[in-house]
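Take a look at this single chain, the form predicted on its own, given in structure tokens.
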């Protein structure tokens, strides 16, 4: 049975007339990697600040590791590691010197801190840069050092705000894979705030979508996709080649023929690319229809709805309201 480690009940934060977080209810389980998604101003960062005890809620309750951050902020900080989007270190100190300093702040002896720092630098892939001054580190190396710094106090929860911001795609992927591995090996709960949909989809067990201070959806990719696209779970994309003299009538006729296929719910034509939503797998019928009209079929692919589709569908519905 899942064990809750973060519990939010009707959590609200208001600044004058502006509501940053609006009656938020959320439970995150031990060992889970949970992603917070939403545009700037959606309430993600304010929620993180309340979890850390860095700002007090206007109303509602919050518990982290069974502790109330409002009344016991220091106790929460002992159990929670925080990696901001722009972590800083003493640039004139080496990587290991920075970690030793953190260890000593957490009541370790210098010897204990050094041993742990060396171990963590190896785990995050910075062993070769341990004695290099952090002022020479790349953005990706700084984030890895930040993760090692967070792990110095053996946290039960790690909260990360845009951890891959400014890192190249390969470095970002490696860093996220590192987070997953460490979370699984040490049973650490990770709360990840990010704008990068694909990255979140690859590493998070569940996601929460924020808009205008409200949490509008929570779940894994499969359940959210099933809920939103129950009538059109399959998406087929075709790349075709029109003759230069093809008229709009020809294009419109193809669209109508595709819509007549049993199971096709929607057809969008964008230049030489077709986007088809269907209630069942009609890939073969789509291919046959295109070819029988004498149109060149260059590519055909089928995929299930992903996080990007979910994100845009939810935000479309919210913008209409």
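What you see is a predicted model; the values in this text were computed from it and never measured. Positions refer to the first chain, counted from 1.
The discussion below concerns the form predicted together with adenosine-5'-diphosphate (ADP), not included here.
The shortest heavy atom separation between residue 41 and adenosine-5'-diphosphate (ADP) in the predicted bound form is within 4.5 Å. Contact check for residue 45: a heavy atom falls within 4.5 Å of adenosine-5'-diphosphate (ADP) in the predicted bound form.
None of the heavy atoms of residue 300 is located within 4.5 Å of adenosine-5'-diphosphate (ADP) in the predicted bound form. Contact with adenosine-5'-diphosphate (ADP), judged by heavy atoms within 4.5 Å in the predicted bound form, is confined among 251-259, 281-289, 264-272, 33-41 to 33-41. Looking at 5-25, the residues that come within 4.5 Å of adenosine-5'-diphosphate (ADP) in the predicted bound form, counting any heavy atom, are 15, 20.
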